[in-house]
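In structure tokens, the next block holds one chain alone, the form predicted alone.
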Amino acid sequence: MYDIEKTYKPQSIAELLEALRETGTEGKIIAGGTDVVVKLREGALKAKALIDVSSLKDIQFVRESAGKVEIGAGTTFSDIEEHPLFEGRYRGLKEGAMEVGSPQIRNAGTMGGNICNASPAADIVPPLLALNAKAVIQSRQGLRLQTLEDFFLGKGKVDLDLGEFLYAVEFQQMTKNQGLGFQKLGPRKALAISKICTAVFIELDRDLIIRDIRIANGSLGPNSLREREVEDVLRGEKLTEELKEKARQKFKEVINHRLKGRSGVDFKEEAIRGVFKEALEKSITRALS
């Protein structure tokens, strides 16, 4: 079942980088193991060495500094769920974390592992895309930043070169006129793989003009993605019920075009209207609170 010949358990970034250097293409980072172990068991992933970063405190953090929020790649979903920062206008990120698997999975699974697994159904990714998050990538040469949107190269693929690892994600702190909402539709409440998960970031001015909006979806493409055509309908316009309906209709058209000819498209193009409506309303409420 497994062809693992060696394991590493680095206690520092330097030790992790050395392990990556030693193992090369045959090494695989494992944190909570909620994705990697399943892939190894099914034969979907081959590795001769595992690099266990579950005890690496250097990548387990949530911090605010210089107008930014940073979340370490080794931070668990339970850590995000329980952190006081992710209440109020940030609650959409907590809502995404709360939808990941069972409590046991959330206790073990990490944000970085979920991102690097690059599943189109990853619940934590749409809120991060809506926040315009960046991937902080580390190697022996130092750090580099990349938009999280460009970090995804397709289903199961991310832009990590040999010797690199995801250190953290970062995004701008939110202000009181901004809000983040998240809504998920799954086949059942417990342990549900997303059929659709939508996140909305909104910025409103005093006259309810939408100064900025970012919308991200999961399970509606090869990976989580931004919905710029829908954003363009809303950005710069006064928030009204008529505008909301116009955006919901545009969303339906976008999904119909993207998934045309695929099974379930009729269901998804209708379902997205309701999921988007709930995520949008949450973001508005938080921006106005």
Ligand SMILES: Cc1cc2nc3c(=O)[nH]c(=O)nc-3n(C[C@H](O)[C@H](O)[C@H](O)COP(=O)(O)OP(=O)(O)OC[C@H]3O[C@@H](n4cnc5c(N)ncnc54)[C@H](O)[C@@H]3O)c2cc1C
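The first residue of the shown sequence is 1; numbering continues from there. The model shown is predicted, which means the values in this text are computed figures rather than measured ones.
Although not depicted, the form predicted together with the named molecule is the subject of the following passage.
*Asks:* Hey, with the named molecule in the predicted complex, do 28, 32 and 166 all fall inside the 4.5 Å heavy atom range?
*Replies:* Heavy-atom distance to the named molecule in the predicted complex: all three under 4.5 Å.
*Asks:* Closest heavy atom of residue 149 to the named molecule in the predicted complex, within 4.5 Å or not?
*Replies:* Judged by the heavy-atom cut-off of 4.5 Å, residue 149 is well away from the named molecule in the predicted complex.
*Asks:* Can you tell me if residue 201 lies within 4.5 angstroms of the named molecule in the predicted complex, counting non-hydrogen atoms only?
*Replies:* Residue 201: no contact with the named molecule in the predicted complex.
*Asks:* At 4.5 Å between heavy atoms, is residue 110 in contact with the named molecule in the predicted complex?
*Replies:* Residue-level check for residue 110: yes, a contact with the named molecule.
*Asks:* Would you classify residue 184 as touching the named molecule in the predicted complex, given a 4.5 Å non-hydrogen atom cut-off?
*Replies:* Contact with the named molecule, yes.
*Asks:* Select, from the options 249-257, 33-41, 60-68, 222-230, the stretch whose residues sit within 4.5 angstroms of the named molecule in the predicted complex by heavy atom distance.
*Replies:* Heavy atoms within 4.5 Å of the named molecule in the predicted complex occur in 33-41.
*Asks:* Ok, 196, 133, 215, 116: which has a heavy atom sitting within 4.5 Å of the named molecule in the predicted complex?
*Replies:* In short, 116.
*Asks:* Does any residue in 122-146 get within 4.5 Å of the named molecule in the predicted complex, counting heavy atoms only, and if so which ones?
*Replies:* Counting only heavy atoms within 4.5 Å of the named molecule in the predicted complex, the contacting residues of 122-146 are 122, 123.
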